[in-house]
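Take a look at this single chain in structure tokens; it is the form predicted alone.
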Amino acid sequence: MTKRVVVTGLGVVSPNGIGVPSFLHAIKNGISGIKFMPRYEELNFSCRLAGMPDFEWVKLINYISEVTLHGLKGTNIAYGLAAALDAWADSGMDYETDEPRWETGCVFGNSIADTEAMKNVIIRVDNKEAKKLGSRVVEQAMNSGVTSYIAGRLGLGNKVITNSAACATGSQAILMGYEYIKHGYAKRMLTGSAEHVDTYVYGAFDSMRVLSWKFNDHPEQASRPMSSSAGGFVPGSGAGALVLEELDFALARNAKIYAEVLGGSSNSGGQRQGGTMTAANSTGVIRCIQQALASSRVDSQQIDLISGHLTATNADSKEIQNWSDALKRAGDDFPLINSLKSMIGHCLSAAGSIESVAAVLQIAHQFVHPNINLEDPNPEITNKIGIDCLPVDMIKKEINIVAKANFGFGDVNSCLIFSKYN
């Protein structure tokens, strides 16, 4: 017998708000977290903007010991720790434990280690000074650094997994945690993902000419998903975290319940039929969405809101067509759809988790956040779906079921179905 899985805790480090109250205020009011980055101008990047959290490193002392904090250099690890431990506290549990928490595991994703932090390693090794590196480098260079820090701080004793699936990483991590609980392998899973787009990773994307550069003088207007004037995405950084629990386990401790995870799916288009390293195979996307609906036992007509991937590139129109084909809904019958990236940019491996926090908050507080900067909707999109499906102001509305999807490099797809807890 499969288990029902609910969301009992949220944590977020976002370019437009750190912590749930600040983030909730920002997404309700369409507050952008995109900023001009003088350093990127010095480096002669075409795009000189980023969604960068106002993260205060010194506040990590509220989460970890002074000994652990000393020597911590990985920014993605810091973001992940803060979001994960905030979600844990939000779910009403203490950090401290003498025994391993055997019933609780962690699936937390990221892309690569902080290359700015690794720069010091490279310089010292090249200068034949490896003996000066110290003992804390390897734990932060390994891809599982984020999960290791989180699991160690909280004493998590069940499955501890680091996943990586490019821009689908965050939603895939949540899906994996959901599946472990659903099939009885764990009672509770701490899930999410983290990303820090440092200058070296940023430069690689800038060289691909996929970033927005026409709005360098107007940062808050630069991320424009679904717009005719969309000129590429703005890289963002941050982390999102969700505590998932088996329903009966959560009820037994009187946990607050934000929403239920009904199901989901993750697949790949195999880089065939138009799918490539950087583009999604539409057939794979449609199958992923339809399999998510089937696993959730949800009819497409029940979807109230889509939290899209929608990066502000020329893939937006194709994504809308894929949603329409998967749901068999078009015109004014299409659900409301929004893109958090209009406010925070594209947080890559952290996108799915931060956007899932936003999706759950929209269910819990019964609203739809706006698509900011959508002054000139792309006619290729409005020819497919009604203009009223693209909210530009916050809408107070009954939201029962939200579909959240992300599509990553490597032609990897992931889709989650969240619902109001009944």
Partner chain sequence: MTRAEILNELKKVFAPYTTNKELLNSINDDTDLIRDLKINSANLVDIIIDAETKYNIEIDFDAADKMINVGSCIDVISEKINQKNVEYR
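Positions refer to the first chain, counted from 1. What you see is a predicted model, and the numbers here were worked out from it, not measured in a lab.
Unshown form predicted in complex with its partner chain; subsequent notes refer to it.
Colleague: Classify residue 67 as contacting or not contacting its partner chain in the predicted bound form by the rule of any non-hydrogen atom within 4.5 angstroms, answering yes or no.
Modeller: It does: once its partner chain is placed as it appears in the predicted bound form, residue 67 has a heavy atom within 4.5 Å of it.
Colleague: Taking any heavy atom pair closer than or equal to 4.5 Å as contact, tell me whether residue 270 reaches its partner chain in the predicted bound form.
Modeller: Heavy-atom contact with its partner chain at 4.5 Å: absent for residue 270.
Colleague: Looking in the predicted bound form, any heavy atom of residue 128 within 4.5 Å of its partner chain?
Modeller: No.
Colleague: Using a 4.5 Å heavy atom cut-off, state whether residue 254 contacts its partner chain in the predicted bound form.
Modeller: Contact check for residue 254: no, nothing within 4.5 Å of its partner chain in the predicted bound form.
Colleague: Pick from 134, 184, 203, 92: which has a non-hydrogen atom within 4.5 Å of its partner chain in the predicted bound form?
Modeller: Contact residue from the list: 134.
Colleague: Report the stretch among 311-319, 339-347, 134-142, 99-107 that approaches its partner chain in the predicted bound form to within 4.5 Å, counting heavy atoms only.
Modeller: Of the options given, it is 134-142.
Colleague: Going through 397-422 from first to last, which residues have a non-hydrogen atom within 4.5 Å of its partner chain in the predicted bound form?
Modeller: Result: empty, none.
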